[in-house]
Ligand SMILES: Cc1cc2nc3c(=O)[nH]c(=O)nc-3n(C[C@H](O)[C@H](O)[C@H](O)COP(=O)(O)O)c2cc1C
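Let's start with one chain on its own, the form predicted on its own, as structure tokens.
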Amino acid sequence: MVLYFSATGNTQYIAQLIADKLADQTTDLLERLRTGDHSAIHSDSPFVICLPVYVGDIPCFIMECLNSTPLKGSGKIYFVYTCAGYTSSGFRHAKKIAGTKGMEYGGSLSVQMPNNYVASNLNGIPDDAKIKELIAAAEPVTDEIAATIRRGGTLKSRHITLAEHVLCIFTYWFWRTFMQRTKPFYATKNCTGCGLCERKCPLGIIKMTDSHPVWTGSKCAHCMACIQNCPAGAIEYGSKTQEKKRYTFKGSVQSP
């Protein structure tokens, strides 16, 4: 079984490709994440966990869900990441999750997909040509992943040094502590009150009030699901996202 969380469609696409090649099924973890559902999941085939990495690591809210959810049936687990370019501690933490659950670790591999993080001035959404290039290059990687899983092999990621791992842990801690604030989020007058942002939030911290979203609490996942999926393009993060291109996976050229 292929379990996945996807904020803008990248990871869902990769999960579905792998499941199709394995003649297996997918399970979306969104509602489990939103509701804190930690009931057991059963699979007779190896578990394949598809998820995005944030700042080189597995998002904490997904790690907590996996650690708290019993995985029954197959005793083998694989991890497949989608990222805009860099995966570091995610490889180490995947092995730790497998060990904690007493499962055989089948290895990890990352697949590069278009960047969707726009709440920063450091990078943005690639242009249409680059998006098409990245999506086209992803499918052959999933062929290799599925073939390895089918024969019971091991997905082999690059070697992560201890120094790199420590640096990633510090960077991720800094990002979680100082960069994942909810206060800058707001909805413009273009908001139609559809509530899609509320339904897409994996932490359940968006509440519709007077037909407008309100971000509760002080921290969020910064998965960009609310911003990128808004059909009216009405959600902003301070001034950092204004007039920036939005992105959700469509399988071909993206809309500006």
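All values derive from a computational prediction rather than experimental measurement. Numbering starts at 1 and follows the sequence shown.
What comes next is about the form predicted in complex with the named molecule, which is not displayed.
Shown alone, this chain has one stretch from 72 to 80, 91 to 99, 135 to 143, 110 to 118 that lies within 4.5 Å of the named molecule in the predicted complex by heavy atoms: 110 to 118.
Listed residues A84, I160, M103, L167 were compared with the named molecule in the predicted complex; A84 is the one with a heavy atom within 4.5 Å. Contact between P46 and the named molecule in the predicted complex is not found at the 4.5 Å heavy atom cutoff. Although the partner is absent here, C65 is not a contact residue: none of its heavy atoms lies within 4.5 angstroms of the named molecule in the predicted complex. Although the partner is absent here, M224 is a contact residue: one of its heavy atoms lies within 4.5 angstroms of the named molecule in the predicted complex. Contact annotation: T241 falls outside 4.5 Å of the named molecule in the predicted complex, judged by heavy atom distances. Interface residues of 174 to 189, taken as those with a heavy atom within 4.5 Å of the named molecule in the predicted complex (partner not displayed), are limited to W175.
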